[in-house]
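The chain below stands alone and is given in structure tokens; this is the form predicted alone.
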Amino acid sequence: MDSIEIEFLAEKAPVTIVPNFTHDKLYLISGDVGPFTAGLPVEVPLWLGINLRQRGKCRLVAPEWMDVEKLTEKKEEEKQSKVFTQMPCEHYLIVTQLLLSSAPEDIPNAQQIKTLVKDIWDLRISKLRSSVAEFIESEGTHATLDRLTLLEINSVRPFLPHAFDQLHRLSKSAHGSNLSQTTQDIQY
């Protein structure tokens, strides 16, 4: 799965909008949304919310977790924990980027939120890289990836198979040289 597919999945996340129009319920393949009443909040998929916002048909409402105080707490929790913490949204980085790029004026403290989410991402990626390094050094054969998001897993996925191939080659060559050394010792 690549980042475009992950973004596609993230666009299905629910978001609240405040429409400035009235319309009956929409019957979509993914489920029904609406009805839309001007001034009353309604939950829609992110892709629809962004589309309506771009056409000037609504105002986007920041998700509950997209708050400076809550993100600051999450950042501190992530810093203090040796393991990955549960994120408030499976696609927190993509949802933040999409909302802030399409409607920064709808999101209170947009710049602070952008910085906090980037800091959380950096902390988690740093933790992930060090976990991967420890895993490779310990010559582990399997690992659990609890509480990682798809995008975080996808960020290390390209180099992991290559690293394991190199380790396998090194261990085979080391095992082969030990075997040949043992054979030489027996012959003499």
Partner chain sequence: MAPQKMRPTRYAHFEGHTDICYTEDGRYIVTCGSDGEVRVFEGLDDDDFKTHLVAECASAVVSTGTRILVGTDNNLVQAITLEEGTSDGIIIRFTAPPTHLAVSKDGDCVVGGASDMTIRIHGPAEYKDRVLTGHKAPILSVALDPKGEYLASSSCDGTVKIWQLGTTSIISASWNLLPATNSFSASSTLCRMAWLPSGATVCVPVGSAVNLYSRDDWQLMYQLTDEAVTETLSIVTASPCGKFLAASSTKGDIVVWDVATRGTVIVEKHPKALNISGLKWNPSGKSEIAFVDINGQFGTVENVVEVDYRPKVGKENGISAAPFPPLTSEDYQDDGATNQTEDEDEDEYSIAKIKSQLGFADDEAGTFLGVTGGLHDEDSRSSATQPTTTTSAAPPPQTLKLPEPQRPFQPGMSPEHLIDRYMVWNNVGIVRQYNTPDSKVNEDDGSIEVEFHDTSVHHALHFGNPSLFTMAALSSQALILASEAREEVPSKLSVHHFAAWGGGGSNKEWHLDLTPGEEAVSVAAGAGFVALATDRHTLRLFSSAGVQREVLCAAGKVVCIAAHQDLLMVVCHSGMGVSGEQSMSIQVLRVGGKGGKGRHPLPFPSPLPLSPRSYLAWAGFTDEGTPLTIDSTGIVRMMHYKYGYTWTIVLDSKIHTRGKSDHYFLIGASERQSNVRCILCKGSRFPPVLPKPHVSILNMKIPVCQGETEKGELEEECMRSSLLLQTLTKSSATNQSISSFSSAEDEEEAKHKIERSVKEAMIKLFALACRGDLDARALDVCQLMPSHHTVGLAIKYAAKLRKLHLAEKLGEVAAAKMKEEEMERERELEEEDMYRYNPWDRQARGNGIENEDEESVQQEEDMEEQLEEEEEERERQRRQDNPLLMAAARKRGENNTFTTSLLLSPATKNPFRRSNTPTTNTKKGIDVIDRFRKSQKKSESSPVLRPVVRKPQNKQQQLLSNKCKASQEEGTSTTQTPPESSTHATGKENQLSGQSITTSTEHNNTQMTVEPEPPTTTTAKKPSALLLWLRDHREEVLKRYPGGDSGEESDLVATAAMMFKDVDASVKQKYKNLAAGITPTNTEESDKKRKLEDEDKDSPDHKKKSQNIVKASGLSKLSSFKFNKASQD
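None of these values were measured; they are calculated from a predicted model. Residue numbers count along the first chain shown, from 1.
What comes next is about the form predicted in complex with its partner chain, which does not appear here.
Would you point out which of 127 to 135, 147 to 155, 26 to 34, 56 to 64 contains residues with a non-hydrogen atom within 4.5 Å of its partner chain in the model of the complex?
Single hit among the candidates: 56 to 64.
Looking in the model of the complex, any heavy atom of residue 173 within 4.5 Å of its partner chain?
Although its partner chain is absent here, residue 173 would stay clear of it in the model of the complex, with no heavy atoms inside 4.5 Å.
Which residues from 31 to 51 come close to its partner chain in the model of the complex, meaning a heavy atom within 4.5 Å?
Contacts from 31 to 51: 38, 39, 40, 41.
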